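Consider the single chain below, provided in structure tokens and representing the form predicted alone.
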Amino acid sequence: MKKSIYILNDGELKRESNTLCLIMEDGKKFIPVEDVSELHIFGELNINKRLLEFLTEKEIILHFYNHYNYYVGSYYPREHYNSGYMIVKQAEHYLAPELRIKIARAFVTGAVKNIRQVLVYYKNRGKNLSETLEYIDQLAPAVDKVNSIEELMAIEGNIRERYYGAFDVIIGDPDFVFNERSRRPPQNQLNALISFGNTLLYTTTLSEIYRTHLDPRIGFLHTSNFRRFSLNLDVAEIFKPIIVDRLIFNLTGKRMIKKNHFQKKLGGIILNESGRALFIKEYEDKIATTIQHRELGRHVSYRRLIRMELYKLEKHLIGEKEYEPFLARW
């Protein structure tokens, strides 16, 4: 099975002996190219055109992050599955307000129901989350009534903010308090974990989109523009609660991640090298975890679930089957 490779140190990556060669201070390391699905570059890495041509031939994406763990962009090889027909269908559904909001509403519905599922899971384990659940239950029906993307995003934002506030109840650790959502830079350890986890999920989803007929530049909940991908942000909303947030609860609950895994930088708090490596390992384990899929009657990984969500969206766009978001039922 192909793997995601994370390069955290500085060095050089090049093509050598028809495979990938990583050169660092402590020597050379060969990475069998046939085992690689994508590369995540965190360190200062020298690359050349010959390498990019090789990665294009092997259909391997590179995701780049800066010194502060922020995603800065991707090398997205020539779209090998993109079809003109699917791009037209995506554009049709984006440009028609009634078609666009139908898909956007499904993304928010999936996100809210999965948020609720996480809260119920911890409520059943003795956490006092009744007020948060009541708030979400009162606000959630409005998702089906709004007629604009802006209103939809406002409802989703209000629900998520209240949900993040419940992290203090679930985690119950003074070293990891929420206070308020802060980004670029995160102002405390918990916000640093949320931001880093969400970033990894966005790039994972982008990599999965690459292996479908969909164009990542045309989203439905997040506005498409000239600068960035947006479809990966849409689809990731559904999976944040059950992948990223559950991972954070696991890391903090088991005391695996500690305050010494963070550092002050850029006027905020970010994971340091050891914290980043720990989080990445646990994240990769999480998305490789399998769950029983009721409709398929077999186990599938969370990464596979993301790909399946994209296939469902494709069927919706071509009029084959109406899209319904994935809902966790554990």
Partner chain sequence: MFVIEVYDVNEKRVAKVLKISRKYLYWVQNSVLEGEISEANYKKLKMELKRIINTSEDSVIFYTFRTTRYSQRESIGIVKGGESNIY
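Numbering follows the first chain given and starts at 1. Values in this document were obtained by computation on a predicted structure and should not be read as measured data.
One more form of this protein should be noted, the form predicted together with the partner chain, which is absent from this view; the next part is about it.
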Residue contact check: L22 to the partner chain in the predicted bound form, 4.5 Å heavy atom: yes
R298: heavy atom within 4.5 Å of the partner chain in the predicted bound form? no
Contact flag, I31 vs the partner chain in the predicted bound form, heavy atom cut 4.5 Å: yes
Contact flag, K3 vs the partner chain in the predicted bound form, heavy atom cut 4.5 Å: yes
Candidate from I47, A277, I291, I41 lying within 4.5 Å of the partner chain in the predicted bound form - any heavy atom: A277
Can all three of I7, N18 and D35 be found with a heavy atom no more than 4.5 Å from the partner chain in the predicted bound form? yes
